[in-house]
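Quick heads-up: it's one chain on its own, the form predicted alone, in structure tokens.
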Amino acid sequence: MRNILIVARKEIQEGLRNRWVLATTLLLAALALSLTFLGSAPTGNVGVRALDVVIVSLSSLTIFLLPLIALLISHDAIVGEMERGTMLLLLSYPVARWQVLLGKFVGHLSILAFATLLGYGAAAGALAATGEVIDRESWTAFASMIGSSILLGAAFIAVGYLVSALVRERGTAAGIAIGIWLVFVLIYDMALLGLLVVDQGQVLSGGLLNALLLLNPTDAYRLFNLTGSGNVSAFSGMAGVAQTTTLGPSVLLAALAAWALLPLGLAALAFSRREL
């Protein structure tokens, strides 16, 4: 455990030195505050609670931004250190390869969690400071959104590690990471929507559709946050989905956890068999 924490501290220090923590926190805070005050402006007229609007807006922002940030900070975690020669030096100490990988994961996830908590928390705090009445259900949904956002980031950090453990050059890892982001965030849902239109409920229905949704961590995240609360699902336009889907919150969270653990385990296996 001590070795893991030492490696994690090293990654956090490098993130501070490279301004990753500051840049990520400022970016998330700036976008969250913008969405908070621009998106919640009409709520008084339509009778929607302001924080529910913020949850919908930030969930959409998270799907596009957080996976990209996670992949950017993790895609060269292994191959980058190998190219610089620092991995060989690190492994010359009494530390196992799986401890190095897990320490990096803890460090990078800490950076992402800190930026998410501070950035999104600033938006909720600013909204509360304006005098908006926020009930307990909205606060619970907001806390669930932050927690699941961190879990989504963990999934893509793990995917980035898997890429980094398999390739030989940093440039290749960067290209694959961008491709993964495009597939999961943009292409997958467009292709699934096209299949649904063509299929017209003949084959892609029920359990198969649920399985296809769970194969994309961003879809699991979207369903968890936009269908978990009645008020949020009504405002997001997914009330019908919330009533028909058989994927409960526990299943969706388990899918996100699996997306974090399985690639991380595969990355550890690939790293353990890789020659330095």
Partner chain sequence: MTGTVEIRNVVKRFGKIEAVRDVSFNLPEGETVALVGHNGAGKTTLMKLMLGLIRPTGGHIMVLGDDPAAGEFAGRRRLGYLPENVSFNAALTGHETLAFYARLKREPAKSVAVLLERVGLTHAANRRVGTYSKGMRQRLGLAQALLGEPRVLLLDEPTTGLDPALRHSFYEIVEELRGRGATLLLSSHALTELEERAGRVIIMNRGIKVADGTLDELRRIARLPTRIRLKVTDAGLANVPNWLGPVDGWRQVNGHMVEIDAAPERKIEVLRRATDEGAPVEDLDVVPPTLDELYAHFLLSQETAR
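Bear in mind that the values here come from a model prediction, so they are computed numbers and not experimental data. Numbering follows the first chain given and starts at 1.
One more form of this protein, predicted together with its partner chain, exists but is not displayed; see below.
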Inset, instruction - Flag A96 as yes or no: does it have a non-hydrogen atom within 4.5 angstroms of any non-hydrogen atom of its partner chain in the predicted complex? - result: yes
Inset, instruction - Give a yes or no for R168: in the predicted complex, does one of its heavy atoms lie within 4.5 Å of a heavy atom belonging to its partner chain? - result: no
Inset, instruction - Flag A128 as yes or no: does it have a non-hydrogen atom within 4.5 angstroms of any non-hydrogen atom of its partner chain in the predicted complex? - result: no
Inset, instruction - Would you please decide whether V106 lies within 4.5 angstroms of its partner chain in the predicted complex, comparing each non-hydrogen atom pair? - result: no
Inset, instruction - Within 4.5 Å of its partner chain in the predicted complex, counting heavy atoms only, one of 186 to 194, 86 to 94, 168 to 176, 114 to 122 shows up; tell me which. - result: 86 to 94
Inset, instruction - Could you run down 248 to 274 and flag each residue that has a heavy atom within 4.5 Å of its partner chain in the predicted complex? - result: S272, R273, R274
